[in-house]
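Take a look at this one chain, the form predicted on its own, written out in structure tokens.
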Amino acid sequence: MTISSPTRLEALLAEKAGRPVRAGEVVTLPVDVIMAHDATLALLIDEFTRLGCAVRDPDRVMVTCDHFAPPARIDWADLQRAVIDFSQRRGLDLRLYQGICHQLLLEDRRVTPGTLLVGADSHTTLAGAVGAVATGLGATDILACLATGETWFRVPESIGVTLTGAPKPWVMGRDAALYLLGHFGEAGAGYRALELRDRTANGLTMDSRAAICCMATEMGAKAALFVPDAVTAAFLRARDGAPWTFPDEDAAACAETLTIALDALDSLIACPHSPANIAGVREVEGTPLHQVYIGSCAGGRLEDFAMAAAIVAGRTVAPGLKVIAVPSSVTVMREAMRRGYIHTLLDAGVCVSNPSCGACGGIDKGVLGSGETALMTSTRNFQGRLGPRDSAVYLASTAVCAASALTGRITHPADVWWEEGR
């Protein structure tokens, strides 16, 4: 009998287990990095204390205060104080108002290809952009992981995704993520992993890769990881100041394979009330908007600010339209300021807020009013996610959001920016 070669995920988990593993097998593995944020760590503090637990390895833990950043209500302030005190008493790596947890992981030198990372948030899959095995866990599992330094997994089957072609100037990684959501739906990749291989003409940026891996959880995936390549090596070298090299790697024998030809892809949009309710922007253009929001772990990186600034430069946003931009980290904000992107957005009438999760979870910095419609780069658009149940949220790339900010209605970016000679 011929035994197929392991998928990349199986090979990485086998290294952690010290033996071969296959999809469907249940394994208990040591974890390299554990992440929790203010909205989730607060759920386990009392039980952790009641059980008399100690954090097994504080050096492997990151705690962020990003959801209530800063708190707008007394109960959120009390909750965050408990998180801060818990973290400081145990010597944990506390990132207070430094940005969104997932972006901070991407910027952290502990997160490298092959790192096994768990986080108390479903979008932890974002760290797969650098080739890490990253997945979200519930608060109870994170409690056990903090106490023991390990957790169990059922090894997922892998879906091989190959990206090819040269995308149009306005097509971003977010559009590839929306394409995948249209293909799989909300559950079509349930408890499987995406193994992504970049065969595009110039290589997708790390920011675009992060957008794709972030949204993998919306299609039910347990993890998503890009196979490391020259883009990964360049990112890690710039981040860590150390050389990295990766050999070319052929696609493994995945349970399912899919190719996305980016040269044939146009701007996509997720319509209310599902991130998998996908349409072409041309199908819904002209829809009136009350708010445009650029930010979240799916769309607040430097690439997003560069795109937004390029589109709105020398113009102003539509009268009466609320336009909000929230950087995903302090690092992103500093660089966006240095390059002039923030000034350009401010000059155009955009409200630029401090790095945080902002309105994404319906917490602050941009919740909607009754009957309002928003276009956002964030992760989800379920009914009531951003406030009132009679509000509506569309999800799209930053290019679409910035173009629409100029007109006050859903607009294809090619119609406002890519004119001849601009």
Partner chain sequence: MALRGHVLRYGDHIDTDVIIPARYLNTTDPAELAKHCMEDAEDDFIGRVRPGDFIVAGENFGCGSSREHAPIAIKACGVSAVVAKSFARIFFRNAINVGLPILESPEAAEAAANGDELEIDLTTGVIRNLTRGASYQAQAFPGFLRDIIDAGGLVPYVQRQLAAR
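Residue numbers count along the first chain shown, from 1. Computed from a prediction, not measured in an experiment: that's the story for all the values here.
Another form, the form predicted in complex with the partner chain, is not on view; read the next lines as being about it.
Contact with the partner chain in the predicted complex, judged as any non-hydrogen atom within 4.5 angstroms, is confined among 370-378, 40-48, 57-65, 392-400 to 40-48. Between the options D75, E283, D263, D248, the residue in contact with the partner chain in the predicted complex by a heavy atom within 4.5 angstroms is D75.
T135 is the sole member of T135, T112, S87, T232 with a non-hydrogen atom lying within 4.5 angstroms of the partner chain in the predicted complex.
Contact check for A120: a non-hydrogen atom falls within 4.5 Å of the partner chain in the predicted complex. Taking the partner from elsewhere, G220 is found to have a heavy atom lying within 4.5 Å of the partner chain in the predicted complex. Within this chain, Q383 lines the site of the partner chain in the predicted complex, having a heavy atom no more than 4.5 Å away.
Though the partner is left out of this view, E157 does not reach within 4.5 Å of the partner chain in the predicted complex, counting heavy atoms only.
Three-residue candidate spot N202, G408 and T411; no residue lies within 4.5 angstroms of the partner chain in the predicted complex by any non-hydrogen atom. Of the residues in 187-207, those that come within 4.5 Å of the partner chain in the predicted complex through at least one heavy atom are, in sequence order, A187, Y191.
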